[in-house]
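Just the one chain here, the form predicted alone, laid out as structure tokens.
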Amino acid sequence: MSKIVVVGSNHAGTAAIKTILGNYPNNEVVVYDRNSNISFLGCGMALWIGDQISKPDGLFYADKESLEAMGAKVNMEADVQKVDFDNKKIYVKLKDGSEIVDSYDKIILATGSLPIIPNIEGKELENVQQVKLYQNAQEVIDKLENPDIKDIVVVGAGYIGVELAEAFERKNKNVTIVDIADTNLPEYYDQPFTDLMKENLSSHGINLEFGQTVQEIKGTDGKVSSVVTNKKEIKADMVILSVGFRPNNALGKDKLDLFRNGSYLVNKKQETSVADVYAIGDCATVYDNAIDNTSYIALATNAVRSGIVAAHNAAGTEIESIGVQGSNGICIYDLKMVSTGITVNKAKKLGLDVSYTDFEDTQKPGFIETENPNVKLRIVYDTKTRVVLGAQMASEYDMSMGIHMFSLAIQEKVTIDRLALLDIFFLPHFNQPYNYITMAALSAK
């Protein structure tokens, strides 16, 4: 029996806690989390803000009571101040202000990530908001009740920024997205797909101000009134800062080995450079199968899997992660986009020699008289070995399940030529006999 301390209980931490207690109930599990709630599904908060769901209840998939019912000792609003890795002790400030020292046999760091706050004048003004935690989302929703908030500027055109822009437009606000990049979603998609999203946002009345740097946030009577970029001044009653996140490495940055972005460097067992210390979720690295190397990909799905792996290893069963592909997706209005692996642009940055093949067609045969939207597909593959390294798909049709096949193809090193001969079933109700996946693979040079 071991005493396993878990620091943080969102996606990764909750997965670790449930895995330990569900499979190794003789272990003592003690949890410390500085928040007042756990397991908030942040990727659903834009749906809540935009009134696509009526309440946030379903965005929580665990709570203190359910974890304690499994046998964990859960301490909420408990801030771990320091970890003494040499003597296996942690120093915690509790909700009532008192401080305790606890011990552990194994410790799992699930400290997550922190929003990057740009160092710009005016960031402390009222109605300059972050949106990451449940409390952040609730505060924004409460403020949107004020009819004086009409113009909202979202700084950052990644997934969160784009999702929030849609949510605010659905609330009949005048929305502007500002980003230093010349497009949206460049981390996950190449230009043919980012252009689709730009057109989608513009067609719904969202103002796009790309290729601009925010220099200042101006205010009147302590409240935000405009955003000043290097090109213009944009009226704003609310500003959302969503420029990205950084690993929360405060507890181990002076003792544990770090990756180049500051995340805890872990192996495939989620072990850090110090014995009996594991790191999971957004604070830790992953093994990226698309590049056959260590990387950092902050996704909830990666966090859950890392928590499961760490839990088994901390409890004494040795297993390894099989790596990740960074599979992800977004749905804005009716446009659905999914991707996995690397893009052509990322491959160029990494110095990889890749080729790609594009194909676009309807999901079902042309004789189908019901709605039959096009699906756009790009497959990225290694020029020499022809192994599939990435895929991107976009449609108004829900073709999202197809990206799972591409994720598996990357993981298992399938070549574009084998993909062309894959046994894909056909029925007119579902797809075409020579569908876009087969045709894209067959057209690869």
Ligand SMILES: Cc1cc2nc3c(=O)[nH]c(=O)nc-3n(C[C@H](O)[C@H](O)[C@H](O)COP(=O)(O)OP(=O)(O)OC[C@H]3O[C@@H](n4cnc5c(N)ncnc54)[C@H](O)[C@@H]3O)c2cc1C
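The structure presented is a predicted model; accordingly, all values stated were derived computationally and were not measured. Start at 1 and count along the sequence shown; that's the residue number.
Below, we turn to the form predicted in complex with the ligand, even though it does not appear here.
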Next item on the list: Determine which one of 225 to 233, 308 to 316, 244 to 252, 342 to 350 lies within 4.5 Å of the ligand in the model of the complex, judging by heavy atom distances; exactly one does.
Entry: 244 to 252
Check: Is Cys43 close enough to touch the ligand in the model of the complex, meaning at least one heavy atom pair within 4.5 Å?
Finding: yes
Item checked: Exercise: Ala441 in contact with the ligand in the model of the complex, heavy atom 4.5 Å -> no
Checklist line | 4.5 Å heavy atom contact, Tyr356 to the ligand in the model of the complex | finding: no
Next item on the list: State yes or no: in the model of the complex, is some non-hydrogen atom of Ala298 no more than 4.5 angstroms from a non-hydrogen atom of the ligand?
Entry: yes
Note to self: Between Thr176, Thr294, Thr362, Ser113, only one gets a heavy atom within 4.5 angstroms of the ligand in the model of the complex; which residue is that?
What the structure shows: Ser113
Next item on the list: Answer with one of Val286, Met238, Val80, Val74: the residue that has a non-hydrogen atom within 4.5 Å of the ligand in the model of the complex.
Entry: Val80
Next item on the list: Could you list the residues in 1 to 20 that come within 4.5 Å of the ligand in the model of the complex, counting only heavy atoms and keeping sequence order?
Entry: Val7, Gly8, Ser9, Asn10, His11, Ala12, Gly13
